[in-house]
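Coming up are structure 1 and structure 2: the same protein chain in two forms, each one given alone as structure tokens.
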Structure 1
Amino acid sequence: MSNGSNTRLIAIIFIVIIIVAGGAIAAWWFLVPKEAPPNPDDVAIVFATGRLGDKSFNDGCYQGAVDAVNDFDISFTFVEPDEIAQYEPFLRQYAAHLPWADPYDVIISVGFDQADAVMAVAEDYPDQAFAIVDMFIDPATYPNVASLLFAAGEGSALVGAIAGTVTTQDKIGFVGGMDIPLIREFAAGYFWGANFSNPTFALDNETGSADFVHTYVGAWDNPTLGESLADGIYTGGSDIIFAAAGKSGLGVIDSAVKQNATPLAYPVWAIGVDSPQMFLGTDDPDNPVAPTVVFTSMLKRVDLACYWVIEAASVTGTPLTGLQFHNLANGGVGWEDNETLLGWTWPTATRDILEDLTEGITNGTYLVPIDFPWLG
């Protein structure tokens, strides 16, 4: 064999060796486990189907998370499900925390209707911390879940007492999102509070009264139907409506604005819920100035509850567990007091009633009902 042939053979053998060796190195590279990247977020939130923009409990939780970001230099991610069936898949996705190396400090579920999904996922991921807004989950069975509950009846009693001093028709209404115990607690406290400040209301604990009108939208995200229901209540003689219906409740405020623009024989008012909503009753909510048709809002401090959950999990490193109850005593519920937007000053008599009611509820002198048989 000539020297040229030998040279070509050696070159071919060398190329084959390089190809084989390169393939082995490539195979080795793909077989060696890679280190997963760190999780870019500390907290994950699964919002309720009402989605952000409800000016209510979804937005409240979001604000609490934003406040935590500003105060503690943490970050969060979130998802907005369209339907209840999406809750569990989203929660599982966050609990698995792929492709990230480390889990979230806490996963927050907003809304009572996430309870089944939270329990299913929490059981499969016992080392992951969860929190749920507006539902109690037994810590004996699910020690990794914090239940964020609110004394909604206490805050509702305050706005009801204000309504009792404002009404000129001695007939008030309530629009709820769903006919469920959680929402009936709002209604019961509201009507009880109105009777507390205005005994002319005929309140029978068993049968109710024609002075109190209540109805339910059947959804958290239908402001059009909320407005239609409110139209009927206002034209039926009620001059105040308290809405506890998530985004559907925004329709009640729209109705009050509309009714006052083409006035009945009397002015009508709305009462907001969860977050400060007085600005929504002004002519220009983006640049709110007095007057407003929303004279107060029942404040359910979902923002604080979510903030405290995030602080415990991401800052102190000790996630909250079990029942976390928020009431008048700890500032978890209250009422919106904004005389600048109101355009007038609350009478001393109204403030005296509120002071008496707040003190009495806090020390146990007054017991606010959480339901009436006639509400369901």
Structure 2
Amino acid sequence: MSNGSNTRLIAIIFIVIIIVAGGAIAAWWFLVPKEAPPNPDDVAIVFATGRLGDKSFNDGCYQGAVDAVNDFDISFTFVEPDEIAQYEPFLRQYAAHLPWADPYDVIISVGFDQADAVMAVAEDYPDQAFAIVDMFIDPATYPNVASLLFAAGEGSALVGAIAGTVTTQDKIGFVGGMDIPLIREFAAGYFWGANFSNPTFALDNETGSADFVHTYVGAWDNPTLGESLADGIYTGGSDIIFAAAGKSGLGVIDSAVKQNATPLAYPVWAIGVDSPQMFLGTDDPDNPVAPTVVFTSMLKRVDLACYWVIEAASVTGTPLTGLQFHNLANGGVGWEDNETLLGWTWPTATRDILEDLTEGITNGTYLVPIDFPWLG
């Protein structure tokens, strides 16, 4: 029993005590079930991997939730996953509503690539209401899921028809984010609408029509490339570009602003997409005043669709299920009509064409193409 071993013994006991105490605190912190607090939020949103700030589905859905918060006494929470693999864990996390006591009224998934994850989770939580944006899930198998779809081509046809009346060069352009079917639907509707209001546009493109160009940036989040490409299209003689390219499309609007800043032979325009973007074409987007270079935007009312979903789930108490199709008939798609920002009023002829088109599409007289059949 030397002194050294004694101190060593005390030290070892001391270390053991500290480890046990630390372990106990940690165990208390993590494992002891605390009384589950009430859920602070009523609605949970899992956004698509494009993140907020995409001025498209994600921002639209966010806007709808914010509107719902302002109108009803509810609150919402959200996450921005950055890859597909995170969807299912997030959805399960929300469906299990840990560590909260009560479940969410509805869980909204944004983006088509969440479909498989939503189906897997909805099967395990049949009492939890889900909604998925931009994808169809069969309500026969999954009665607790609402599918929110949008007829993007119909809205594109409207702005195309306006573009057909506005253009002075009789040549219009389209900038897409990537050459994928969803974006082709925008382009097809747009050119079809331009042809509807202004028959000088030839849709027959077997040999190549000089009347319109459609191009693809190849990236969703690169405004610099979008701007460069738009510069080229304006230089090539088109005076209107419809940008359906996510954040790259913001560069198209920048390009239109710059092209107009120094006098050209003719004014050039841009058309916004998904959300109201006319303010982006003004001199100072923070305090938008007329004039703007974005004379209209194709509106995909994701905000309205999400607002309805939240209203049904949280206020009415009966969540929406099945296919919720949003088209011209129910105002789910449309065009941005903002004459204060525009600085002039739309001529009656234009409005007549739009009315005719809306009515025709609604009652099925006119069928908007969803791809380029004429490209072969």
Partner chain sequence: MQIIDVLFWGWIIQATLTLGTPLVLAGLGGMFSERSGVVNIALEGMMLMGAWAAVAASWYTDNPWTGVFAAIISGLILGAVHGVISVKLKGNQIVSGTGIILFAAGFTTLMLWVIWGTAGASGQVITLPEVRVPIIGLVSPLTFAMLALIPICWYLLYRTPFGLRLRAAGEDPSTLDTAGISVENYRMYGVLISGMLAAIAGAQMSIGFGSRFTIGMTAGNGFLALAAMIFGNWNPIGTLFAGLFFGFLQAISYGVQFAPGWEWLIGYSSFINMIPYISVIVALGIIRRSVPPKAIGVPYIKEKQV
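Only a predicted model underlies this, so the values are computations on that prediction, with no experimental measurement involved. Numbering runs along the sequence of structure 1, starting at 1. Under this definition, the rigid core comprises the largest set of C-alpha atoms superposing within 1.5 Å between the forms.
For the form predicted in complex with the partner chain, the corresponding chain is the one labelled structure 2.
Think of the chain as two rigid blocks: between the two structures, the small block swings through 15° with respect to the big one. Look at residue 92: with the core superposed, its C-alpha moves 3.9 Å between the two structures.
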